[in-house]
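First, one chain by itself in structure tokens, the form predicted on its own.
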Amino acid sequence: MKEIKDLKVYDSGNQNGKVILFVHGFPLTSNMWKNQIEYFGKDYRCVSYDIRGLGNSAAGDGQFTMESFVDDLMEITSTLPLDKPILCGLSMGGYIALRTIEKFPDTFGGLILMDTRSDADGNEGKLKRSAGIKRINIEGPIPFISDFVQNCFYKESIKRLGEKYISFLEEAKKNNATGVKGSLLAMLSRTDTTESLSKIKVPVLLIGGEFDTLTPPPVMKLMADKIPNSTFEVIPDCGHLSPFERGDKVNEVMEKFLLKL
């Protein structure tokens, strides 16, 4: 583990291989990529990190924006340094990845977007995230995190994963209130990156869970249709957290994409 500007960064796998830079979702930690890092580590250098305020990364004052998350990602990329990494983001990690590649289009060698969207929050979304912050202020973070994470999973995945789901949820519940609220603020205020999708120059893989209710497959298909040189795959029998719910299928789809780069 390395520390870069108060961010906990995990650098493992084949140090001579192409780099995959993983950006996790909300309100999770870099550990959500465990299946992928174990699978690809033999051939690829796998870099992941805890987004500011989540996992083991410091929350500071919790005044986060999507732009500050992009700055953090670029700080990691330049400090290590990473040469044309393949950027892989899920959900909030996808928001960060899309804004980063919009600002720095020549930095990356490929893009993998999982269970995410390019459009910004509308009024309903802003109000929902604001209500989340209010709930955390009143009840603390655990009730909010518990409900949010459960809603991310396909209900059959929860049954199938059993103890793995419980461990996943317990880790998420360790995130502190300041960091969780800061992430909600960043997502609430993010810009819309839809206009830039047609300008993405690198190969792009989009992955969506069949039963994802937060970013349903039709939403991701609309994104894929706007991105040149893109591939869209639906992962069966999972919800919003496809790389954890069906890591085997996600790894298979990722591997086919990565071998072409």
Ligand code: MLT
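The structure presented is a predicted model; accordingly, all values stated were derived computationally and were not measured. In this text, residue numbers run from 1 along the sequence as written.
Beyond the structure shown, there is the form predicted together with this ligand, which is absent from this document and is the topic of what follows.
- Of the residues given (S118, N175, T100, S91), S91 alone sits with a heavy atom within 4.5 Å of this ligand in the predicted complex.
- In summary, among the residues V180, L73, I86, M187, the only one with a non-hydrogen atom within 4.5 Å of this ligand in the predicted complex is M187.
- Proximity to this ligand in the predicted complex holds for all of F26, L214 and H240, with the criterion being a heavy atom within 4.5 Å.
- Residue heavy atoms within 4.5 Å of this ligand in the predicted complex occur in exactly one stretch of 167 to 175, 131 to 139, 74 to 82, 91 to 99, and that stretch is 91 to 99.
- Mapping the unseen interface onto this chain, F108 falls outside it, with no heavy atom inside 4.5 Å of this ligand in the predicted complex.
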